[in-house]
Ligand code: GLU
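Heads up, the chain below is alone and in the form predicted on its own; it's given as structure tokens.
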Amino acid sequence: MKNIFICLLMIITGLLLSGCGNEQKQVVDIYDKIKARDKLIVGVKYDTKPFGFIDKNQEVTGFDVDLARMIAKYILNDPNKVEFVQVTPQNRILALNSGQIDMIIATMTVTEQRKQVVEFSRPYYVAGQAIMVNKDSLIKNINDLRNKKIIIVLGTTADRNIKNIAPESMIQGYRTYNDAFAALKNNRGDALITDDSILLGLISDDSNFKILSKRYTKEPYAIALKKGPESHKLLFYIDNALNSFEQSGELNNLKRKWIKN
């Protein structure tokens, strides 16, 4: 009798564990969820002109915002079926993986480390990291950064690359690009390092600064999705959309509209 009881207990336990395993394997396809909701929810930056920023009418706008609207039109046949959520380099992956947003379109560089935690589309823009200084600065190149105070934004690729680019510099990290630029303006640092496309946006409203000519990295921007099979169908449609935009010239039109060299 005791053996029968043990066998029954093992069978019941096995069935329960099997049921839990099946529940874990059930995933909600994100593309299907978007179609059912009839709206995209996209994480963008609000402080990164010209890619994502708040304009004089207090509306979020920029390259990444326009790209999100183009993808909404491609997937949902309406560029206005998109909701924007503010993200930062520090919180964007958390917002994605928690389901707060469907995708990140926020000057996010593809790296091997990030590939471990998110799915990336094909790149839609390639930037390069550069140095911005006061127009009267004596800093001419990377060699002049030795023992200088270098400003970076935390959570960005510049945060990681600076250790290789200028290992003998003193690093000052800030949470936003606006805070980083304000620090440079107030002489709390000697130079600001980040992507040239972002520096161009910062300098567009202030002629007191200059960007040095050298580019020290290549930064391919791509759209990030939640890691896992639930994103595979959405990734397929996004890559198709980006290919279509490139072939039609729409991506180049975005670059001409927003990137002022």
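Sequential numbering from 1, following the sequence displayed. None of the values given here were measured: they were computed from a predicted structure.
Quick note: we don't show the form predicted in complex with ligand GLU, though the next part is all about it.
- Mapping the unseen interface onto this chain, T109 counts among the residues with a heavy atom inside 4.5 Å of ligand GLU in the predicted complex.
- Ligand GLU in the predicted complex comes within 4.5 Å of no heavy atom belonging to I223.
- Ligand GLU in the predicted complex comes within 4.5 Å of a heavy atom belonging to R114.
- Although the partner is absent here, P89 sits close enough that one of its heavy atoms falls within 4.5 Å of ligand GLU in the predicted complex.
- Here the chain stands by itself, but in the predicted complex one stretch of 150-158, 183-191, 69-77, 94-102, 150-158, has heavy atoms within 4.5 Å of ligand GLU.
- Residues T194, D195, I198 are the ones in 187-201 with at least one heavy atom within 4.5 Å of ligand GLU in the predicted complex, listed in sequence order.
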